[in-house]
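Presented below, as structure tokens, is a lone chain in the form predicted on its own.
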């Protein structure tokens, strides 16, 4: 790939360089365990994390709990480089266990507690863990899955230098490990920026999820760039209800807070009324959410209190421009939409200072380069980009091109350098020989008062090659009229982009982070 075939998005510094804070709060340490120890010891008796149903844990108390997890893991046979699957609902124990894994020099594998047996089996077989830490109510189920896991086989490519685990897999209770772990006196912890820190499984909207192997350097580079760009400080107080098995909640929310040493109010689940009430009660300054959360929050009477926050972030799925404008009109401030991936942590963000454009994800973060190739695919390069897919050199090689990571997302850069995500390359519809990006059609449909939400897919057609099919969730404001919707779309869209079929649904199928499952919609369209 020649550099001349790329369109480069200008760097963040080109727009806001004069306003970027001076450099790092922490020394250039090599691993997240050391970062956590430095931050939490600095906090000492001051608050670090509180579950909404419990009391504050000071920095010192949280570190003590994390060290107990590290001790319990070491006692179970975990050594530097061992993989540890961690799964459960948001809790102080889960957050401390994350740090405990890093302190033990192990590699964190965060898993969704709502996984089906098949999904859990895939993660266990693929990641080859030495231990699994889980909530008490998952113990029996997880033990059964672990006992039936096949003996680990040698792997090629990324991760092949990690130790081969012994069998059987040790399954540990989060609660009991926190209560019974001995005091951690430290151990031989493999460290360094290139050492594996985490295996993040892709969201699985198509096919079996792949394990993205992220190093300590990848996650620290992302934390540093986001902290700079969002003016994150130790004085902030973050409301965190995003799940800690996902990059947004874990890689940005928790790891970012460990990096900066700020306080965190951790919600076990997303509850709009409780979240809105917590803004003033907790003296919060930041909230990170996904569009599905904001859709519910804007109807909450207490949403006006979000005006007290200095920063609202939206990510993990596109934020519709109409919802962006509704948020801004109700709280008097625009949300900061950003763009990241399991493989890269954070890449791009709308500015903290300066214009926040609806429908865009903004400008490259400090230390990140972004380019668009001749096909329209977004490419990323920087210290935040992962080391490859665990044990899958073929998939790794397919995604890298001359040092650039191919994201699989299609996009464009406007005249101000702001990046827009048009959709996944796999979701591109070619109808009658013309390219149709689903998001453009979806945004147009959502402008109609009878539409609460919409998703567009391509379905095979003898006449068109693919035909544009829209799934629409009706709003409470009127009856859904397919012909009227097509006429409405045709006013601003070319005829080949107008949906051939409009299918009403009560809700769109989504994964845990609110991403629409396009393959499920294609199946539904093919069936009827």
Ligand code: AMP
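Positions refer to the first chain, counted from 1. Computed from a predicted structure; not experimentally measured.
There is another form of this protein, the form predicted in complex with the ligand, and it is not shown here; the text below is about that form.
Here is the short version: of 246, 224, 210, 216, the single residue with a heavy atom within 4.5 Å of the ligand in the predicted bound form is 246.
The contact with the ligand in the predicted bound form, taken as any heavy atom within 4.5 Å, belongs to 424 out of 424, 328, 231, 356. Although the partner is absent here, residue 316 is a contact residue: one of its heavy atoms lies within 4.5 angstroms of the ligand in the predicted bound form. Within 4.5 Å of any heavy atom of the ligand in the predicted bound form lies no heavy atom of residue 124. At the 4.5 Å threshold, heavy atoms of residue 438 stay clear of the ligand in the predicted bound form, well away from it.
Although the partner is absent from this view, residue 338 contacts the ligand in the predicted bound form, with a non-hydrogen atom inside 4.5 angstroms.
Although the partner is absent from the chain shown here, 361, 409 and 515 each have a heavy atom within 4.5 Å of the ligand in the predicted bound form. Comparing 264-272, 237-245, 72-80, 308-316 against the ligand in the predicted bound form, the single stretch with non-hydrogen atoms within 4.5 angstroms of it is 308-316.
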